[in-house]
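What follows is one chain in structure tokens, specifically the form predicted alone.
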């Protein structure tokens, strides 16, 4: 087993344990141990997927921190988009101009494409309709919303995580 494989397995187990601790309703030693055991078993059963570098990022400390940073930034973007959509919908003269925009994406990993597509969909006012290879089809509440996803700073952060893979 190579060092990259070991880091990936350990990183995924660590993420699952952290997730388990975050959703744990009541802290008890037996519950923590069950979470650790389940995390290890899940990673062992899913290792073919987890270890496929073409499908995911390398799980090292830098990428784990980047994932948390990405999630926090996405939450901020979702809140901002919610406010913007509420302003449009609640305005006496709704400025809704639905648009379907197609464009070529910058990210190359399948995981990055899925994360970006889901991030766009999670942001109110936009919906990822299709991802075909590098091409995205985005529906927006307004043309402006649908046209900007590739200028989104979150795309650059996904590219940084992909570049980290190439360094490893």
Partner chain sequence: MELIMDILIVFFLISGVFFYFVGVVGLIRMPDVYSRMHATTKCDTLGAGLILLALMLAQPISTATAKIFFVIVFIWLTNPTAAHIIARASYKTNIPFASDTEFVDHTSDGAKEERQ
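Positions refer to the first chain, counted from 1. None of the values given here were measured: they were computed from a predicted structure.
The same protein also exists as the form predicted in complex with the partner chain; that form is not shown, yet it is the one meant from here on.
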{"query": "The partner chain contact at residue 112 in the predicted bound form, heavy atom, 4.5 Å", "finding": "no"}
{"query": "Partner proximity in the predicted bound form: residue 130 to the partner chain, non-hydrogen atom cutoff 4.5 Å", "finding": "yes"}
{"query": "Contact of residue 63 with the partner chain in the predicted bound form (heavy atom, 4.5 Å)", "finding": "no"}
{"query": "Interface membership of residue 103, the partner chain in the predicted bound form, 4.5 Å heavy atom rule", "finding": "yes"}
{"query": "In the predicted bound form, the residue from 67, 99, 42, 36 that sits within 4.5 Å of the partner chain by heavy atoms", "finding": "99"}
{"query": "In the predicted bound form: members of 10-40 within 4.5 Å of the partner chain, any heavy atom", "finding": "19, 22, 23, 25"}
